[in-house]
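Below you'll find only one chain, the form predicted alone, shown as structure tokens.
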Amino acid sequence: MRRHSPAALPRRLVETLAGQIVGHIPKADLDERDPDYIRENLPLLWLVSSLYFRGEVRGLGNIPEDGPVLLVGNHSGGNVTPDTMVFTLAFSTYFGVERPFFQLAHNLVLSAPGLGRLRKFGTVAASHENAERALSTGAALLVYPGGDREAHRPSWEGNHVNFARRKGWVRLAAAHDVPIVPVVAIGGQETALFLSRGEGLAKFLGLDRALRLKVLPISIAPPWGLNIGDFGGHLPLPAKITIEALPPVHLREEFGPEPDVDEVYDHVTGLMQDTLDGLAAERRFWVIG
């Protein structure tokens, strides 16, 4: 009689779920961004970002006023990611909703029930192809190299930039010769108590193969209490979100005609970590800010 490993049944369930999710992932279309929809929803976005999260965004004047630009941010807050919400409001208010602005997100975010409206804000599936298309149209593009690994880091690592040595964004900026604007956020990892990325659990269940997930995070968050996976999202605590955009980094002006990827990576992440340390020093209390 053939014996199955303890993980066989859970993995089959995961693969079945993955098939259902993949079938509901919409085809990425930059034309789905709807300036009129954004304009109509700015008041609601303002209520959540400004009143609930007391969002503060600094340095928007550092972002070039037109043309393509790669905005590179650190990522926090689990699947809810309030830093993206706060920054989207600030960017749309400062530059106007007519300026093309796109954000890359994991497929799970785009396929989640009720989150289809994000596509109207310019959110598209995270892929090299979508990133190239956005920049080639002259848009501003927001990417989070740390992805789900950074967004679900334990709360006690909240003040650390962690891109896990992912450098595709450097190559993307060099290939399109666009400036990099680092965008540093703090507060998102205080919107819940993040306990573990659950990397071992994700590997055991085969989530990396089925859903491109290397983490199955474990947190404590309302309304669920113990929250495993954060697939249904959670009600974030009203932590103060502060974001700072840094001066643009022009690769060929600062690093020569053939920028060294490792050198650029270390330079930009170093700037971001120094800024995050400064923002952390301003905070007095957890959640309160």
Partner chain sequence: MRLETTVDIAAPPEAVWAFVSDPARVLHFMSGVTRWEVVSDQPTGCGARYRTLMRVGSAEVGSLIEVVEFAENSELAWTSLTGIDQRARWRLRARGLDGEHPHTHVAFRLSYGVAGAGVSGWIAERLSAPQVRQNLRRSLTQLKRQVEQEQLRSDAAGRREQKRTRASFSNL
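Numbering follows the first chain given and starts at 1. The structure presented is a predicted model; accordingly, all values stated were derived computationally and were not measured.
What comes next is about the form predicted together with its partner chain, which does not appear here.
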| property | result |
| --- | --- |
| Thr81, Pro82 and Phe121 all contacting its partner chain in the predicted bound form, non-hydrogen atom within 4.5 Å | no |
| Region of this chain that lies against its partner chain in the predicted bound form, out of 246 to 254, 259 to 267, 225 to 233, 49 to 57 [heavy atom, 4.5 Å] | 49 to 57 |
| Interface residue in the predicted bound form among Asp208, Glu157, Glu98, Glu129, criterion: non-hydrogen atom within 4.5 angstroms of its partner chain | Glu98 |
| 4.5 angstroms heavy atom contact with its partner chain in the predicted bound form for Thr93 | yes |
| Its partner chain contact at Asp29 in the predicted bound form, heavy atom, 4.5 Å | no |
| Exercise: Gly67 in contact with its partner chain in the predicted bound form, heavy atom 4.5 Å | no |
| Contact of Leu104 with its partner chain in the predicted bound form (heavy atom, 4.5 Å) | no |
